[in-house]
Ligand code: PMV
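A single chain, nothing else alongside it, follows as structure tokens in the form predicted on its own.
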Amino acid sequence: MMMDAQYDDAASAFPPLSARASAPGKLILCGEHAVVYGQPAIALPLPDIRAHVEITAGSPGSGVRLNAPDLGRAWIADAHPDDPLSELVRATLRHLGVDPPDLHITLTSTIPIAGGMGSGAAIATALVRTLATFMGHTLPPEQVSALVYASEERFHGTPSGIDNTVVAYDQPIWFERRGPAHPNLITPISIAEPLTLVVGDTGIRSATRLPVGMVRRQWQANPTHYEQLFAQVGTLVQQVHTALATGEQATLGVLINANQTLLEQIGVSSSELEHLVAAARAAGAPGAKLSGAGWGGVMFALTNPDNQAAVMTALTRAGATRVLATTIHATQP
């Protein structure tokens, strides 16, 4: 993956008394589910919707203590070694070549949990970055991404690689999943004009494996039909890529709506998602669709500065438990 950046490789024998870092959430703009079957997907980081980690030096002998107030949890890493974040702390410190010091780690986030917005990858990325900073290191994105992916792989099976990549690099990406003998194709993409997005949360949580498993069973029962649907999604992703690069936001809205229709045909939408999508469109959004695995979680609407407030109000009135807004800035790969 080719991305331009400059990184310092300095280390210090005397770590600071505290360190902070953050990482963005993510949205799959288009291509979810079809991406599992060889089609491309486009994912975006959400610069205004982030996870934050702060680390301070702990008292001698206190060990590594983690506090996640958003989850109502606090624990000692050694007492819960199988916890994914406890394990990620150990893996990161091993990667840095240091013994576990006494630390107090606080993790907070504005990203809806289990909503398809990469909450886990964002917390993990912020945690790895903050640990590295505290120990006097700066890890480049490819190392951060690899540590986060390995953590997700250990605890969640075979992740697609989208979340850890878009979050760690903090750049919009084109993603194609390849076979086990070939690395995934991951490349940055151009966005000619800023994108103003509004995210609506249904408040319904559905484990990703459930809709993914349903799609696989349906594909196995009727491969021709589902491969046609996946191919149509892939064509839309290609067209979205062009619309982003040329700044054709009216066209982009049409394509986003078409992707939602295909997701409904694939069977991963829900009445709650469709209610929010319809409310956003009625309020003036040129495009709206679910994002992520579906059967709950979040949807997003493409808006502009003139109708953003109206769309946010409409989603709240339609029952969204949370409404967030963010702007994706113009980029060049």
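Position 1 is the first residue in the sequence shown; the rest follow in order. Computed from a predicted structure; not experimentally measured. Definition used throughout: the rigid core is the maximal C-alpha set that superposes within 1.5 Å between two forms.
What follows is about the form predicted in complex with this ligand, which we do not show.
- Remark: none of the three candidate residues (Leu44, Ser190 and Gly247) comes within 4.5 Å of this ligand in the model of the complex, counting heavy atoms only.
- Stretch-level contact analysis of 94-102, 235-243, 208-216, 138-146 against this ligand in the model of the complex, using heavy atoms and a 4.5 Å limit, identifies 208-216.
- Interface residue remark: Gly118 is counted as part of the site for this ligand in the model of the complex, having a heavy atom within 4.5 Å.
- Contact annotation: Gly292 falls within 4.5 Å of this ligand in the model of the complex, judged by heavy atom distances.
- Residue contact check for Pro159: one or more of its heavy atoms lie within 4.5 Å of this ligand in the model of the complex.
- In the model of the complex, none of the heavy atoms of Ile266 sits within 4.5 Å of a heavy atom of this ligand.
- Only one of Ala301, Ile28, Leu276, Ala51 lies close to this ligand in the model of the complex, with a heavy atom inside 4.5 Å, and it is Ile28.
- Residues Ile28, Glu32, His33, Val35, Val36 are the ones in 28-58 with at least one heavy atom within 4.5 Å of this ligand in the model of the complex, listed in sequence order.
- Superposition of the core reveals a Cα shift of less than 2 Å for His241 between this form and the one not shown.
- Gly38: CA moves 2 Å or more between this form and the one not shown after rigid-core fitting.
- In the core-superposed comparison between this form and the one not shown, the C-alpha atom of Asn184 has shifted by at least 2 angstroms.
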